[in-house]
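Starting off, we have a lone chain in the form predicted on its own, written out as structure tokens.
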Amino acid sequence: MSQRPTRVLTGIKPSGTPHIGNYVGAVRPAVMASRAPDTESFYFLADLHSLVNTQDPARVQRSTLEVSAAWLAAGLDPSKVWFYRQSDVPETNELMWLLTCVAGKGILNRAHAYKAAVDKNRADGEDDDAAVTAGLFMYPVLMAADILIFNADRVPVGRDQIQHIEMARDFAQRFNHVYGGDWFTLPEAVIDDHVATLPGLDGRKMSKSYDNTIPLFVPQAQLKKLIFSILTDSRSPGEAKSTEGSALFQLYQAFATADETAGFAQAFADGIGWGDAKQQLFDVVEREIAPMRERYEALIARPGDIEDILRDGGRLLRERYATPLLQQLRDAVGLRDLGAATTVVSDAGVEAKAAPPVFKQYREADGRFYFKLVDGDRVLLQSTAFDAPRDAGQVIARLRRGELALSDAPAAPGEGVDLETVQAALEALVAADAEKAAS
């Protein structure tokens, strides 16, 4: 079986109107990365995470719309990547609880955001947990569930988020160990030290907290006004200017070609006037932003279309990945159909009900993954090797749903077992699952 594509997952927190710093530092490189071959990309609106920081429903809704439209306008293609809203995949919340039950509280005590809140409270003479919500404390577990629900291989993050990926790995390892299987891939953090951090209007890092941003899709006239308000020094036209530490130059470099950047650097050395420099900056920014602005405005005008895109992404992901995985995990932890369990003979002499055959996944010494259908100690069906546990799980899910014929499955009957026996066992499982779903 061929190895599955590398899964790369990116969470996008809807926290206000996107600005050009967000675009250059996150949106643009992520859209480019989404086009890489042999990659399955997941992009989600982390609306549940946003509730930790705001209790303004209108703001959450508006920000989710604006951020979704910005990513789509920037070129993210929902027909080629998974683009969905976190709250549209409720299995994530169930997985969060399963992970919570194996997560060490001591690890969560060391989470950066929680420690920062405690430190601030201590500095202010308050109780350690004053105004600290359980949502803030449990944030790393929800983030781990976001990653593990799709068994992402790589997660691009800033350096301040590396700890969260390490926590996700820890929770995954603990669950795998406690419940005896390779249920989760251990994700790797991807750090891009070359991602640009743009300066804002006052020269500091562009940030909403500094109120120094240039919103990504403001009208052309407002964009020009903002660019012309960028802080510069007092050097006059004809006086040589340094590109080092220049907000104008850094912003220009983020939107211009290498040749244009070299020419702009020479213009600084030749003493270009600040007004002319700002006009040139406006020209290169507007050149890239204008086509996206047009697409953005068209998208914002049709919020129902964005809603459909997000809901479709969530629905398809649930069908393909989330629901089958949670079905397996529920069985793994013992949240099972009581009617399918072995029952003890009662005092009234009621016959015991035999346990049905069960699927088991495991990893062999060769490093590859397998499954088998067993009835007690008897192996009814034995699979061939898989490169990843997810591949084995998908075949099991299709067999249980009756979507895959036994003759087409990458598996063979166990020793001394005929096809009719295996087929009967599978049909019993399909019927039991259907009865459970209907109840």
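All residue numbers refer to positions in the sequence shown, first residue = 1. Please read all numbers here as calculations on a predicted model, not as lab measurements.
Below: the form predicted together with a small molecule, not depicted.
- In the model of the complex, the small molecule lies within 4.5 Å of some heavy atom of Tyr139.
- Using a 4.5 angstroms threshold between heavy atoms, Ala265 stays clear of the small molecule in the model of the complex.
- For the chain shown alone, Val67 is not a contact residue for the small molecule in the model of the complex, no non-hydrogen atom being within 4.5 angstroms.
- Taking the partner from the other structure, the small molecule in the model of the complex has no heavy atom within 4.5 Å of any heavy atom of Val422.
- Contact with the small molecule in the model of the complex, defined as any heavy atom within 4.5 Å, is confined among 211-219, 126-134, 141-149, 294-302 to 141-149.
- For the options Ala46, Ala411, Val395, Val27, the residue carrying a heavy atom within 4.5 angstroms of the small molecule in the model of the complex is Ala46.
- For the residues Thr100, Gln161, Asn121, Thr232, the 4.5 Å heavy atom test against the small molecule in the model of the complex is passed only by Gln161.
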